[in-house]
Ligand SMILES: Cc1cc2nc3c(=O)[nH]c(=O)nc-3n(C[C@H](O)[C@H](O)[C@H](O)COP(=O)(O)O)c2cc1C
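This document starts with one chain, in the form predicted on its own, laid out as structure tokens.
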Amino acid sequence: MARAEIVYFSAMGHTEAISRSVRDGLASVDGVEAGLLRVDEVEGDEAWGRLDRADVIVLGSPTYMGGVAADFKRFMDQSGSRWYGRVWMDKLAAGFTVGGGLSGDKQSALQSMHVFACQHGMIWVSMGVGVREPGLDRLSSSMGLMCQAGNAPAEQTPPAEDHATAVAFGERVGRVAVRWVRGDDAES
């Protein structure tokens, strides 16, 4: 069984809604168990232990001012003891971000997550969803999942296409995790 944890920050509910869609995609893959952790829940041995035991950690943050949100950056900084002990070495990692604008420098937020994962010695899973699936990846991302919230409440946005893309992204990460845990090249 591959264990996935999604660790995220969400101020307005948009990133939380997308994290649930990513979790739905992960959980739809046979052999994957997926959990959600808000960054403010990552305190103490139990929460850190969940991340330590995960086979894949999916990172999620809104894009604020061209990068990850301060609360998410705090989580990243607090993982220093994991970095020092190489606890997350060779785990899989993936990331997603939600921003208000169509562009909004979301790529910078994903790059920050990617560098963070690489500093921990993790293996990054890219988007891998797009042109072959009509209606998916409308923002044309390759590094990770990008979604657009606009200025509407989380019940109205991100749009259905972004949620469908989040599910497909979760499925991709789940399939990769199963293969990683099995240790073979077999397609699932």
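What you see is a predicted model; the values in this text were computed from it and never measured. Position 1 is the first residue in the sequence shown; the rest follow in order.
The form predicted together with this ligand exists for this protein as well; it is not shown, and the discussion that follows is about that form.
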Quiz item: Might G144 be said to contact this ligand in the predicted complex, defining contact as any heavy atom within 4.5 Å?
Solution: no
Quiz item: Would A94 count as a contact of this ligand in the predicted complex, using a 4.5 angstroms cut-off between non-hydrogen atoms?
Solution: no
Quiz item: Would A164 count as touching this ligand in the predicted complex under a 4.5 Å heavy atom rule?
Solution: no
Quiz item: Even though this ligand is not shown here, does A160 get within 4.5 Å of it in the predicted complex, heavy atoms only?
Solution: no
Quiz item: Can you pick the stretch from 43-51, 28-36, 57-65, 134-142 whose heavy atoms fall within 4.5 Å of this ligand in the predicted complex?
Solution: 57-65
Quiz prompt | Contact at H14, G104 and A149 by this ligand in the predicted complex, all three, heavy atom at most 4.5 Å | solution = yes
Self-check item: Neighbours of this ligand in the predicted complex among 77-101 [non-hydrogen atom within 4.5 angstroms]
Solution: V98, G99, G100, G101
